[in-house]
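Encoded as structure tokens, the following chain is the form predicted alone, with no partner shown.
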Amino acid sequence: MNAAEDSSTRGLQSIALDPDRLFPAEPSVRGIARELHALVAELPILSPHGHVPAQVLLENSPFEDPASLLISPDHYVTRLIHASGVDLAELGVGGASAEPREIWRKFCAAWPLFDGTASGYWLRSELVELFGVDDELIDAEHADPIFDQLVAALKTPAFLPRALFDSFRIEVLATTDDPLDSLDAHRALAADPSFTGRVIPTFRPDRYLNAATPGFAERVDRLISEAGEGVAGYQGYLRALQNRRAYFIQHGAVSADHGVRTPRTLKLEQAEAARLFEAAMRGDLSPQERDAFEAQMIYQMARMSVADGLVMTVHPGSFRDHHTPSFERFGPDTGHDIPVPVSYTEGLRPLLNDFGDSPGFQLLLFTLDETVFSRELAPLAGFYPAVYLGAPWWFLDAPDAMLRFRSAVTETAGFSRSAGFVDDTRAFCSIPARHDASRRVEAAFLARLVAEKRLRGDRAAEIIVDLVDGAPRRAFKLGAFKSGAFEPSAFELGEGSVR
């Protein structure tokens, strides 16, 4: 019995099971959205940017408990509970020792904090649809029985990682990996005939490009030693990065991801770049020189992408590890990264002047700054063949923010410059809910255009399938459409809609 059937037998009428969730309130527009969503609801999930470790699928071991699966690794969840006064250590953040049942009790007590939030929407969907939880009972009083219910579910074969991977209909899952990662887990998965999914690595060189990160010189020394082919200095550094990119491509990688503070790029003379590199290795760079070094290395990453074909994704605009005491206690990626304003037009000009129309080069631009949707990103994507619009991510991957994005960029860049949705998550069980939320938002936006006589229904049908499936395949070079033929003539809009 699935969660929806179980909920029905118990009389549960959860909003997580409402078939019209996230659709427009106006009945005729809602009907169009419902039919558009039906076209893509069962399409496979393409997840070309995420953070679920490949080792989880390789080992295929039962998840230990609900807290370590759903709460501790998800900084969307822990940051908001922490804002109410709960110490991150009490939530098991950063490997802190905390009893799973106690973590779960704190989460259930904090459940009202998630009303109206994107994370609350995903959590409710996971708990109700996947685990069959009665969301009317999520509170401090019922924390223990719900915990026991989830523990029992996690012990069953249906909740093993590979079984969930299949039931989620994931076709492609990308991980995020250090340039010196052996990729042994990816190689073993690819060679395992019992696993038919596609799990691909992503080259993430941030800690080797930003000289301000602790341990920069030691990491770069190791990089050059292992992959520089005996060449020292700046040239050995570039050669080592190129060689590791090639290694990732051999193991299925399609993209290189860059989590930078700003999207600034610089094209420097080789002698000046080498001078900055040597100063960086000595720890002698000023803050301005560190920024210049990173900017010229982002330019170099683009040059390498033109040569080797890796899609270049850029995720700027986050002040990483904003709370120093939390960083020192729990490490990075523990919920205290804060968005900052960014500017793309001037910062990317050196890169785009040289590579913006280079055949095969694809640059996917993401942002945490909504002010640049229509002012910078859409115009850039509407001119440069290389530029694609990355989906709203992190703090913006919420229903209203995704609608604002689609409204802001479409009138300038159209639909064809979209790169598809990315879930960007460590929370494995939230992947289906996140992708479905995006599909519902796209259906809602397109339904309004149809109802306002701005788009024909058959074109809306073609577009939503392309946004969900075709766009990420093109933008991330994932290969051909595998979901079956789509015939727009088969889409019949309901009463009162546009044909």
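One rule holds for the numbers: they count along the sequence shown, beginning at 1. It should be emphasised that the depicted structure is a prediction, and the values quoted were computed from it without experimental measurement.
Here the subject shifts to the form predicted in complex with a further copy of the same chain, a form of this protein not shown in this document.
When a further copy of the same chain is considered in the predicted complex, Pro332 lies well away from it, no heavy atom lying within 4.5 Å. Using a 4.5 angstroms threshold between heavy atoms, Leu455 counts as touching a further copy of the same chain in the predicted complex. Heavy atoms of Arg349 reach within 4.5 Å of a further copy of the same chain in the predicted complex, making it an interface residue.
Though the partner is left out of this view, Arg162 does not reach within 4.5 Å of a further copy of the same chain in the predicted complex, counting heavy atoms only. Listed stretches are 268-276, 134-142, 244-252, 208-216; the contact stretch with a further copy of the same chain in the predicted complex is 134-142, by a heavy atom cutoff of 4.5 Å. Proximity to a further copy of the same chain in the predicted complex holds for all of Arg21, Asp115 and Gly414, with the criterion being a heavy atom within 4.5 Å. In summary, among the residues Arg303, Arg426, Arg239, Arg404, the only one with a non-hydrogen atom within 4.5 Å of a further copy of the same chain in the predicted complex is Arg404. Of the listed positions (Gly309, Pro385, Gly233, Gly197), a single one reaches within 4.5 angstroms of a further copy of the same chain by any non-hydrogen atom in the predicted complex, namely Pro385. Although a further copy of the same chain is not shown here, in the predicted complex the stretch 437-464 places heavy atoms of Phe445, Arg448, Leu449, Ala451, Glu452, Lys453, Arg454, Leu455, Arg456, Arg459, Ile463 within 4.5 Å of it, in sequence order.
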